[in-house]
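Before any questions on how it binds or moves, here is one chain, the form predicted on its own, in structure tokens.
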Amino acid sequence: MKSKELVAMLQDFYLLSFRGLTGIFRRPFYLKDTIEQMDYAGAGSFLIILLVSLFIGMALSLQLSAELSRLGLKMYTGKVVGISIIREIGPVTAALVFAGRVGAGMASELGSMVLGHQVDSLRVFGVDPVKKLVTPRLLSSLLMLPALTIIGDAVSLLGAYYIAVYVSHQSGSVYWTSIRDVLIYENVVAGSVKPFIFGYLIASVSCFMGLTTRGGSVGLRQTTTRAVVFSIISIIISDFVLTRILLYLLGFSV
């Protein structure tokens, strides 16, 4: 891809994501479309994130219990698990699952509408495609991903509790006391900000890829693949940047 084409693509992406975000506050409000997208993004992803979060929490607790027991620090399993899940693993895991399911669905759906000339039909009837198609998907991601992340974190902590108590034979009261100790302002803020950014990035990237689909069924396949790949890359990069910024703002020394 030439440099001019790359700059033009980035410009179109930033304009689309900005217009989609500002469309939340402008009439008309497509409430029905937003509720449908929330159901698809939230309820449709609930069981997947539940299952993935459960086993990630169990695997993390099992590994940490084994390593910390060698150092005689098994009682710190709950604290390390809590910080890891709340600050990093929980938000990133939920975002990756969300990108793989919801992001791919958004891209393929919008791509099919472009190839079927439904987007052009909206323009003919005077309907703004960004307001009608992008804004409801963006808003649903901003609302559903943080909610799914909170649920996923809770399930991960429960899975870690099961391993710590019934497999590693630790004290349940010590475990939950450790979890309560890590639920401080700094950790909660760090774990709560990221899902909003991830949701915005996933929806923006997926909608942009979908609306720029060209080339029939082969182009649609490439669009869906690119949406997932670029969403994952943006999640990983933004996670590092956000972690660095939040550590600085919240006063943690590195």
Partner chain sequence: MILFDRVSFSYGLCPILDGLSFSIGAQERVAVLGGSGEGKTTILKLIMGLIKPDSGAILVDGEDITIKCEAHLREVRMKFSLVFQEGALFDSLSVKENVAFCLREYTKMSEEEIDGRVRELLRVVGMEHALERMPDELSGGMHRRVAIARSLAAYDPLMFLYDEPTSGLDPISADMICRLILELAGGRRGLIMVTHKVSDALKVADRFMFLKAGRVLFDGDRERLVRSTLPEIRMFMRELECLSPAE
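Numbering follows the first chain given and starts at 1. Keep in mind that this is a model prediction, so the values were computed, not measured.
Although not depicted, the form predicted together with the partner chain is the subject of the following passage.
(message) Given a 4.5 Å cut-off on heavy atoms, tell me which of 148-156, 115-123, 98-106, 75-83 is the interface stretch with the partner chain in the predicted bound form.
(response) The contacting stretch is 115-123.
(request) Decide whether I184 counts as a contact residue for the partner chain in the predicted bound form under a heavy atom distance cut-off of 4.5 Å. (result) Output for I184 is no: heavy atoms all beyond 4.5 Å of the partner chain.
(message) Under a 4.5 Å heavy atom criterion, is K132 part of the interface with the partner chain in the predicted bound form?
(response) Residue-level check for K132: yes, a contact with the partner chain.
(message) How about Y200 - does it come within 4.5 Å of the partner chain in the predicted bound form, if we only consider non-hydrogen atoms?
(response) Result no; Y200 lies far from the partner chain in the predicted bound form.
(message) Please tell me whether any heavy atom belonging to V167 falls inside 4.5 Å of a heavy atom of the partner chain, as the geometry stands in the predicted bound form.
(response) No, V167 sits far enough from the partner chain in the predicted bound form that none of its heavy atoms falls within 4.5 Å.
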